[in-house]
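Listed next as structure tokens is one chain, alone, in the form predicted alone.
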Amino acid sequence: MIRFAVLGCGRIGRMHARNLARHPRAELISVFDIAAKAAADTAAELGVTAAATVEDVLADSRVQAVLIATSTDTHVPLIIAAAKAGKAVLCEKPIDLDLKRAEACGAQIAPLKTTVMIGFNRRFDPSFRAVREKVLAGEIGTLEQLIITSRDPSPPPIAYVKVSGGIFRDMTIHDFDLARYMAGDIESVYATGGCLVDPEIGAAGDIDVAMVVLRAKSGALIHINNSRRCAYGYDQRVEAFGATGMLQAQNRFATSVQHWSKAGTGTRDTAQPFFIERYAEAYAAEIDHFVESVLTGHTPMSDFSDGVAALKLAEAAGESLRSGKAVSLG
């Protein structure tokens, strides 16, 4: 049994708190948020304590692990403080918006030997995980091409865009990690993009559509396509193509019903509305994996180094977008 505190009680923090509260090998002790009402509401719902400060959480000897779901700019100081307090850490992506800050954080916590996991939940999606396992088992021969489609149902608020670090650090970073998970280390990045969805996103200095081509060290080519708008729901698909076949993981829908009529053939419901619904199983499996890692002392599947590696790819994509050239990672 691992006893937890959750830092951050927004949409994703509350979802994590609920998952922890019903996990058979976890006990949720307390929650904290700078918005006291959010913490109080979450605590009341789950029957736990709403801590007054982060310091109170970290000083609580009962708490063995913290889940960090706060704003990105707080991740590094909270990871360091929790590690120094002897707590295991599961932190939402990204580690930070600045690669050097993330690397400095890694150097600071390395001697502390605590379990730190970064929340790349897509590694735990049953369908995506099955694709990877089949690729590794050689079911399609040598992996030659990987296509990752990731499109949000609608753009985020402009206030969020301005502090998000840009599409590559905020959105594509999940796809960068998934690319490494499926195809291994990456040697080069070429990115292009534009603002086709919301002119205000362009005015804020970001793009809202992107295409990225990666070359893995194995030689496999990876294509990532992103959009901040998708009329038919949250579009999340993966295709792996190899010497002897192909594997596909398709969208998830509210039901399996299909409708045939003169209006259309095989018409489906819209795809799942957004990430919490689409990746519900993955988030639960992510928690389970973290608990298992802490109990056994094994390195998590997505550890701190994976968070740094994804951030390096995001930075390289930004550099490629600005220069119009591919960026080598050496």
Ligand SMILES: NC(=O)c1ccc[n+]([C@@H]2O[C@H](COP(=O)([O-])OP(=O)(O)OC[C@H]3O[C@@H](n4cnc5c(N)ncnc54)[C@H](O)[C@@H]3O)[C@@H](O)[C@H]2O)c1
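In case it trips you up, residue 1 is the first one in the sequence shown, and so on. Remember, it's a predicted structure, so these values are computed and weren't measured experimentally.
There is another form of the same protein, the form predicted together with the named molecule; it is not shown, and what comes next is about it.
Engineer: So the named molecule isn't shown here. In the predicted bound form, which residue out of His75, Arg228, Arg123, Lys87 has a non-hydrogen atom within 4.5 Å of it?
Structural biologist: In short, His75.
Engineer: I need to confirm a contact call. Of Glu92, Asp98, Asp152, Asp198, which residue comes within 4.5 Å of the named molecule in the predicted bound form, counting heavy atoms only?
Structural biologist: For this set of options, the contacting one is Glu92.
Engineer: Can you check 99-107, 115-123, 175-183, 241-249 and let me know which stretch has heavy atoms within 4.5 Å of the named molecule in the predicted bound form?
Structural biologist: Selected stretch: 115-123.
Engineer: Under a 4.5 Å heavy atom criterion, is Gly307 part of the interface with the named molecule in the predicted bound form?
Structural biologist: It does not: once the named molecule is placed as it appears in the predicted bound form, Gly307 has no heavy atom within 4.5 Å of it.
Engineer: Would Tyr232 show up as a contact with the named molecule in the predicted bound form if we use heavy atoms at 4.5 Å?
Structural biologist: Output for Tyr232 is no: heavy atoms all beyond 4.5 Å of the named molecule.
Engineer: Hey, in the predicted bound form, does Ser71 get a heavy atom within 4.5 angstroms of the named molecule?
Structural biologist: Looking in the predicted bound form, residue contacts with the named molecule include Ser71, since a heavy atom lies within 4.5 Å.
Engineer: Taking the shortest heavy atom distance, is Phe290 within 4.5 Å of the named molecule in the predicted bound form?
Structural biologist: Answer no; every heavy atom of Phe290 is more than 4.5 Å from the named molecule in the predicted bound form.
Engineer: Residue by residue through 1-19, tell me which have a non-hydrogen atom within 4.5 angstroms of the named molecule in the predicted bound form.
Structural biologist: Going through 1-19 in order - heavy atoms within 4.5 Å of the named molecule in the predicted bound form - the hits are Gly8, Cys9, Gly10, Arg11, Ile12, Gly13.
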